[in-house]
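As a starting point, one isolated chain is supplied in structure tokens, in the form predicted on its own.
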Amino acid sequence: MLQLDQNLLQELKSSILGSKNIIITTHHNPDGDAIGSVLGLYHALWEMGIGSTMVTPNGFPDFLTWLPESDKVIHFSKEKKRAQALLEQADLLFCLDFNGFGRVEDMSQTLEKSPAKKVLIDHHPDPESPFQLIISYTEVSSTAELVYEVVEQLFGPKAINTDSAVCLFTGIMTDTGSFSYACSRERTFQIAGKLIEKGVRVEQVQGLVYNNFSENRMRLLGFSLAERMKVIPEHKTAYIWLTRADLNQFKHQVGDTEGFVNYPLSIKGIVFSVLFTENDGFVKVSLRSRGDFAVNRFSQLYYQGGGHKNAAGGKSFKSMGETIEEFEELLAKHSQELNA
């Protein structure tokens, strides 16, 4: 079991029990770990008779909308006035799976101004913003795993009901690529086992997450690999680039490119993979690696981003063409590291 600071836990428990308006939030474009953590904590609190409200900066992928009570999540991008009012009235605010206010993008100003005590539960390195309570451990597989540890040590295993277990398991499963990376700790599998004991049906969850994509998403993946992937073996790197026109051609929805960046790492000899996705005003940059090449450092240096050693993200404010040209120049600069 992860040994959490007992004084911090006691302060957190007192804050929870003494709060009237608890909000749970996460980062922009929530992935499986983010939304699984939010819902997992929400269900656990309700199991203990403690009400809370979920607010996210924007929507999340369609293949996660089956998660129990996901329809109760309020999207700041769609209900801005309502979300602002909730954040302004909150007295306790759980910030899950992000380490700085900037990660919520358009919601950042409202979040920062909220008078609520802000509690960070996260597994990304180096918290950037002034949270009042910080529970941050980079060694855990996912924020969902850390939420489990916090809930169990606050209220005992009874707080994790079946709905909470399903959501937390989904978070752990998706953030480890179905237990294929970032999961070498024995405790990760112990927690997964405890969640299964609570009623998680693994085959069903796997099917709902990974066999629940649209035809357009599948065709976009095929197009990305066949027409938009470049392999640069001398730098052990491959990248995919998708323009706004490419995305529109396949009727892109939020979450459709989730996981695309991992595919080039399946190529023999490739240790660095990047997905460039064109957005309005910027190019989203998703980075993955195998081994010792630290993509969070690469992202911090060149894309105003960050993340984990082997999984990070950022943005380029240049055109797609300029971004790719610069990236290939950077590969030459880092070639020795990539070939180490």
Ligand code: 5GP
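Everything numeric here is computed off the predicted structure, so don't read it as measured data. Note that residue numbering begins at 1 and tracks the sequence as displayed.
This protein has a second form, the form predicted together with guanosine-5'-monophosphate (5GP), left out of what is shown; the following refers to that one.
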H124 near guanosine-5'-monophosphate (5GP) in the model of the complex, any heavy atom under 4.5 Å?
yes
Hey, in the model of the complex, does R288 get a heavy atom within 4.5 angstroms of guanosine-5'-monophosphate (5GP)?
yes
Using a 4.5 Å heavy atom cut-off, state whether R103 contacts guanosine-5'-monophosphate (5GP) in the model of the complex.
yes
Would I35 count as a contact of guanosine-5'-monophosphate (5GP) in the model of the complex, using a 4.5 angstroms cut-off between non-hydrogen atoms?
no
Any idea which of 65-73, 35-43, 51-59, 303-311 reaches within 4.5 Å of guanosine-5'-monophosphate (5GP) in the model of the complex, heavy atoms considered?
303-311
